[in-house]
Each structure stands twice: as structure tokens, then as C-alpha cells.
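We begin with a single chain expressed as C-alpha cells, specifically the form predicted alone.
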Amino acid sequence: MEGALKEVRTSRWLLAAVALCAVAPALAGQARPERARDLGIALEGTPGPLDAITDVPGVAVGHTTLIQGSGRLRVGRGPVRTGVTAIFPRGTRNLSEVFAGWFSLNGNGEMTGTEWIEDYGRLLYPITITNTNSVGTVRDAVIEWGRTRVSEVFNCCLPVVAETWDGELSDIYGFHVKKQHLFSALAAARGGPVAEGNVGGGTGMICLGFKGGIGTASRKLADDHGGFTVGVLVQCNFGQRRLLRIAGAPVGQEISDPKLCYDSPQLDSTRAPRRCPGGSAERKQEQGSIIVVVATDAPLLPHQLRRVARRASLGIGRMGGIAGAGSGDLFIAFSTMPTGRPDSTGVLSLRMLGDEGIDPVYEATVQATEEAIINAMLAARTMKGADDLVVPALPHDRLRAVLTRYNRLRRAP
């Protein structure tokens, strides 16, 4: 892999699996990753057909994944474990605005464009997610891309670009994400199944003491609640293993190994005690972040979408997240309902779900956020990155055993 930068440009899990074989031979031959539903985890709610954010009609997702090099960190050269993820609210052929709202549970992170959303409640550009030090590059690239594609950009708004920190596994100060990588993610965006785990912006992320990354899930509301769909996509890089809970079971306490560690004989005095096997490089306090994108076709106005975005916090809490002082927990929600055009007097006519009917949307957001995080962790694979740091994947067999012991499986897988 040394010296050859490889890119994964797809949002479909099958194509992603094929492409990833070129950049990560350890993944070769693996079938579609098991997801929460495949394991029979006892989760609430009814998922959509794909159990993904793309169950919301029109939503499209694309990734560019960058994996290069191994061994000792050399700033500017690698190892590289990073990327970009892009979400189109109405698909790649319809760039009309959507209503949106956002929420910060803890602000040790960045999500650009939020002041525009705060005042105007509208989103024009695709949402993009990357690593902390690439926000500026991706933001500039989105604006360049949108200049000839998105209407009204000369008179309004800035793009939403969010981030989490992948500096433990990747050469984050090497600034390896370039404009063309953002363009590739946008060009790759599709509906259908969404690649999860070590892909896109989630490539180098760590979640609740195991390998994390991109995850998604959805909920379909009952007909008597409008039949609406709520979809969630997360980039999870937060939490401590001791706090990890899945379907209420204390998984982090039950699965205390393998630990993060450095698989290298050449370590400085600070890292030597963290050498594999036996040593531990796990986070001592909350230092990660999580980005949550909530999509729905329910007719919601910006002030309602802000309230929906807040509910992602409850799904994170179910998993053991505490929004620690070192965490950037930033959420955005949008509705794909038509925003319409004003009449000759400048008046818009809009539909709005009444507050007496919004609770099922809140509940679906909590449920889908929880499951999206689980799916991210189940799809992620063990990764070795900068300075030979090894971040283990959540072991499916041991997870199944724990959930069986706590009676948290719906059925025998």
C-alpha cells in the first residue's frame, strides 16, 4: 500500500467491499457486515426497508476513503486513515433547499454554516463530514462545487461541514484530504444501501473503546402516525469502553479486551507501557466526538427540526455517551418536504405536523440514532494506523454471548 493513495468512491456496500479490497487486504473476502438486526439485538421500532438514512425518499450518500502507508507517523506522508462523507437531502439531481435545524450537545467540535441555519432555517448544500483539520478544505471545495450547481448561492448561506478527530490513527496534520476527494464523494452519492464502518469521514474514528466510523439506521412510523420515515447517519468517534451499553447490557464492562495498544517495538518512553500485548492506549477521559444527521419526510418547520436534532442526544445516552468536556457532539436535522414558492404577495403556503403528532418522530430519532451507532461499530474492522496503534473491532461472537446472557437478543441468530 505504501506510496499509492487509494480512494473508495461509492455509497453502496457491495461496491465499497470490492473497492476496499484494493486498499485494505485484511478486509478481502468479507461479506456484507453484520448489522444490529442481523444479530437479533432487541431494539425498539420498525426500520425502513434498508434500515438506512436513504430510506427517506431522495436522500443520497457518498464516501471517499483514504488509506495509505503504515508504521511510524511522518507528518505530511502518513499513515493516512481518513476521508469524506457527503449527504444530499433531495438527491444529486434536486438541489433545492430544505428546512433544517441543528443542536450542540457539547461544543468541542465544528459544524460550519450553523448561524445561517439558526436565523433562516434552510439548507442548500449537501452536508459533508470529514476530519477536524480538513473542515476548511472541504468547505471551500463544497462552495466551489456549488457555484455552478446550486441556485441562489450568490445571495445566501454557507455549507454545513462537520468533523470528528482521527489524529490517533491518521496523519491529521498532513492535510491529506484535498478538494478532489470531496468532489469524488459528491459524485459517488447514491440512494440505496450505505457503506458503514471504516469508510468516508469515519475511516479513522474510534467509538466507545472499539473501532468506530459511519453508521446508519431508519424508522418507519405507523400509518396512524403519518407513515413518515426518519433516517439517521452518524460519524461516531466518542465515548469510553467502560460506559458502552448495547440494548441496555453493560457490554463495555463485559468485553474489556482486546484493548487499544501500540504494535511496535520502537516506542518512546511515554508509549512503551502501551505496547501490545498487555499495554493499553485507551482514552482515560471523553475526548472524541459524534456527528448525527437526521433526515425525515415528515412536514416539519425549522423550529421543530431543531427539537428533533436535540433528541439524538437521548440515543447517544442509551449507548453510554455522556457528552464529556472533550467531546464535540453536534447534530443536524432536515425535512425533505417541499418548501414551495411564494405567491405574488410573497406568501408561502406550507404544511406542518402539529405538536400533538410529533412525539413519534422524536421516538424514532432516538431509536435510529442508537441503532446507527451500533451499526457503525459492527461494520468497523480492526485497524492499525499511525505509530502502529491498533484499534480493535467489536467482536461479534462475544457481543452475541453477552447479549444472550442478558436476554437482549430477539432470536437466535
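Keep in mind it's a predicted model, so treat the numbers as computed, not measured. Start at 1 with the first residue shown and count on from there.
Quick note: we don't show the form predicted together with another copy of the chain, though the next part is all about it.
Chemist: Which one of these stretches, 244-252, 80-88, 203-211, 188-196, sits within 4.5 Å of another copy of the chain in the predicted bound form when only heavy atoms are counted?
Modeler: Of the options given, it is 244-252.
Chemist: Looking in the predicted bound form, any heavy atom of P126 within 4.5 Å of another copy of the chain?
Modeler: No, no contact at 4.5 Å.
Chemist: Just to confirm, R32 within 4.5 Å of another copy of the chain in the predicted bound form by heavy atoms?
Modeler: It does not: once another copy of the chain is placed as it appears in the predicted bound form, R32 has no heavy atom within 4.5 Å of it.
Chemist: Would E363 count as touching another copy of the chain in the predicted bound form under a 4.5 Å heavy atom rule?
Modeler: Yes, E363 lies within 4.5 Å of another copy of the chain in the predicted bound form.
Chemist: I'd like to know if L39 sits close to another copy of the chain in the predicted bound form, meaning any non-hydrogen atom pair within 4.5 angstroms.
Modeler: Contact check for L39: no, nothing within 4.5 Å of another copy of the chain in the predicted bound form.
Chemist: Considering S264, T92, S184, N108, which brings a non-hydrogen atom within 4.5 Å of another copy of the chain in the predicted bound form?
Modeler: If I apply the 4.5 Å criterion carefully, the residue I get is N108.
Chemist: Which one, G71, P273, P338, G326, lies within 4.5 Å of another copy of the chain in the predicted bound form by heavy atoms?
Modeler: By the 4.5 Å criterion, the partner-contacting residue is G326.
Chemist: Pick out the residues of 297-324 whose heavy atoms come within 4.5 Å of another copy of the chain in the predicted bound form.
Modeler: The stretch touches the partner through P299, L301, P302, H303, R306, R307, R310, R311, S313, L314, I316, G317, R318, G320, G321, I322, A323, G324.
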